[in-house]
Ligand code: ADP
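Take a look at this one chain, the form predicted alone, written out in structure tokens.
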Amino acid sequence: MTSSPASSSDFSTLPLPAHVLANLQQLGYLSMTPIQAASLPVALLGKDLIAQAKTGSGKTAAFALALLANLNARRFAVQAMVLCPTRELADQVATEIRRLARAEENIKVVTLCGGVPLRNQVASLQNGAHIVVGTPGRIMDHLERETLDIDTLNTLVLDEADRMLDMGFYNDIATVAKQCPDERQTLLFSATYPEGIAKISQQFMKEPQTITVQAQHEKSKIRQRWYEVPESDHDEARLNAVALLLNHYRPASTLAFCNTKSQCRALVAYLKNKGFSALALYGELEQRERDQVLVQFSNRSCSVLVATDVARAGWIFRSWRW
């Protein structure tokens, strides 16, 4: 009896150890997503990479498997670092890396983000770590205080790079990258390709290969509509437009996104005044408060969730089952 040849989307086609492949199967990774199939063969060869794919496309596993393959578990020193735009995304990425590292021996992942006491992070770093995941500002803080040693770093990942540039983190990224060893692999993942990406590539990457994977959706699955509210109208007109659309379509669950925290709060207040059950999700909330908001949205206690950035949307979708 002969076995069927492996599909090009099977993880078994990659040069990964058997115990890693077994762990992937246990985690439900049955076949590679398009971005994984396109980027992993390149990344596993140790080449620098610029990968463009939408949030939720499976990019975390793409760079996580690459950095784990480049890791020496017996060397208890920071060998990989992932920069993320927000604490929420950093937490999600760290959790996924830990899941993918279950097949390895004692891989330690430390999250370094603002909003939590610095001393706890310092203590974790003093006890050693293989991988750090964090936001640019807090990573810079640890580097300046010399509480983070990246002399042994061999993999730098820039996750949601376009979002970090939108948030004004270019100089922070540059500061961190300049302190990383020259002999390293740099993996950059982004949903779009703004001008700053090319600048990062020229300054901090070595002949990167560029991979673009466009998300494809069946027309029967997703329907898109666009409504324009004249810029001359006051804020209440825009808020009222949202309320009118919700009243018209009456969706069971709605995700709404705003550019700023103040806009987020204003929309929630307006919708509540119109009788909607709405909650806000933004960076300044404590972890316990964010968890409570997501639980209420997940169990349909709240029908409208208003968040402040697209990166958090990816975290929401990957963290909750509807």
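In this text, residue numbers run from 1 along the sequence as written. As the structure is a prediction and not an experimental result, all values here were calculated from the model.
Omitted here: the form predicted together with the named molecule. The next part is about that form.
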Checklist entry - Out of Asp141, Asp149, Asp235, Glu96, which one falls within 4.5 Å of the named molecule in the predicted complex, going by heavy atoms? => result Glu96
Next on the checklist: Can you tell me whether Met32 touches the named molecule? I mean in the predicted complex, with a 4.5 angstroms heavy atom cut-off.
Outcome noted: yes
Checklist entry - Would Leu279 sit within 4.5 Å of the named molecule in the predicted complex, counting heavy atoms only? => result no
Checklist entry - Even though the named molecule is not shown here, does Thr254 get within 4.5 Å of it in the predicted complex, heavy atoms only? => result no
Next on the checklist: When the contact criterion is heavy atoms within 4.5 Å, does Cys258 count as touching the named molecule in the predicted complex?
Outcome noted: no
Checklist entry - Okay, which stretch from 288-296, 66-74, 51-59, 259-267 lines the named molecule in the predicted complex, with non-hydrogen atoms inside 4.5 Å? => result 51-59
Next on the checklist: Between the named molecule and Thr186, Gly196 and Phe204, in the predicted complex, does every residue show a non-hydrogen atom at 4.5 Å or closer?
Outcome noted: no
